[in-house]
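Next up: just one chain, as structure tokens, the form predicted alone.
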């Protein structure tokens, strides 16, 4: 049985965690082993990087930030994702290389191609079988986070213009790779989002 690598992308507050829980249960009901991970911080090594990039005080230069995310990604793929795929598991991952292209590329105004190439080098070219993009207006995302009384991390605290660039970058990536992406309106009821995802994944399991 072949492994299946599924990534979920989208702004904070778009509902990725909820949909990952739905997908995990659905896959396990079909007899598949599921390995769940996330970026940054899905490994013990990555937890230290997560603390730096999301919660450290003081300025981090855009290139330094991009390299830290790439280091986290390289370790996560080598130690968690590839071994799981090789034994035929379904890997569900919250964020992957598209996040770096969107956040460090468009958000930080770095060269998107260079950021993508860095991630592909770090992961030895591993790309997801399918990427689910939960698309949400950044203003709505901010309202959702505020309603949860959530303390914003370094990226969540960026101005709306930053998050609008991120959203447009995500949509540009999805338009360029329609065979990999499923784009879903994140304002839809969560059950409707779930059903659209299951329809896409049903051809892959």
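Numbering follows the first chain given and starts at 1. These numbers come from a predicted model, not from an experiment.
The discussion below concerns the form predicted in complex with a small molecule, not included here.
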Non-hydrogen atom within 4.5 angstroms of the small molecule in the predicted complex for each of 63, 106 and 110: no
4.5 angstroms heavy atom contact with the small molecule in the predicted complex for residue 99: yes
Against the small molecule in the predicted complex, would residue 140 count as a contact residue? Criterion: heavy atoms within 4.5 Å. no
Is residue 153 one of the residues lying within 4.5 Å of the small molecule in the predicted complex, judged by heavy atom distances? yes
Might residue 114 be said to contact the small molecule in the predicted complex, defining contact as any heavy atom within 4.5 Å? no
Option from 48 to 56, 171 to 179, 132 to 140, 26 to 34 whose residues, in the predicted complex, bring a heavy atom within 4.5 Å of the small molecule: 48 to 56
